[in-house]
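Take a look at this single chain, the form predicted on its own, given in structure tokens.
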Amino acid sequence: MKNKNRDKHKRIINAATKIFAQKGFFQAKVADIAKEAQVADGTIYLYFENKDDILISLFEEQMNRVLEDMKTQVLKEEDAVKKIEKFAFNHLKLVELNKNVAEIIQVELRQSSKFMKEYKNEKFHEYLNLIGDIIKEGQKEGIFKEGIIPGIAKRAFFGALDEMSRFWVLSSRKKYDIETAAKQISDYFLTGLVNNSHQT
């Protein structure tokens, strides 16, 4: 019974991912999601209160995967500079590999008033803190400047990656490949972070 419940939940989430990406959050109907998931409309409400809850659940599941993947990849690097570069590359790579999900997170998610006003976005803060921890590590090792405030730097770095992701999602053509974009963004920030005496 539990397996059946999990299967239906997964089908609904996968269907919602497709429908939200195709029609947009506001235009999508619960009935559209139910049809795509091949379940009755009423079944949706056994798992979710409303469309916003489906969207938030979708986001949480994706963020769990992204967090685990990013932690694994970043931990492979020993140097804080390399960790920053790896974070940038992986972030942009995930956007390319999961285009529907990227569009939902970049565009549709921000149209949900429940998500923006009520949802405690703990997974996103954990994601940001990965960047902050790398910066603190670099400062401790003497690689990054002491005067850098991690709380500001992590949001600025993520903001640059987020804007690049948004551009790719909304643009029909990409002018830059992932490796070039990740390296450029990393270099911009590392130029401001790294002590002049530190050679990379």
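Start at 1 and count along the sequence shown; that's the residue number. Only a predicted model underlies this, so the values are computations on that prediction, with no experimental measurement involved. Take the two forms, find the largest set of C-alpha atoms that superpose within 1.5 Å, and that set is the rigid core.
Beyond what is shown, the protein has a form predicted together with the DNA; the following relates to that form.
- Shown alone, this chain has one stretch from 32-40, 138-146, 155-163, 56-64 that lies within 4.5 Å of the DNA in the predicted complex by heavy atoms: 32-40.
- At a distance threshold of 4.5 angstroms between non-hydrogen atoms, Met70 is out of contact with the DNA in the predicted complex.
- Shown alone here, Tyr45 lies within 4.5 Å of the DNA in the predicted complex, counting heavy atoms only.
- Among residues of the shown chain, Ala28 is one whose heavy atoms approach the DNA to within 4.5 Å in the predicted complex.
- In a rigid-core overlay of the protein, Gln27 has its C-alpha displaced by at least 2 Å between this form and the one not shown.
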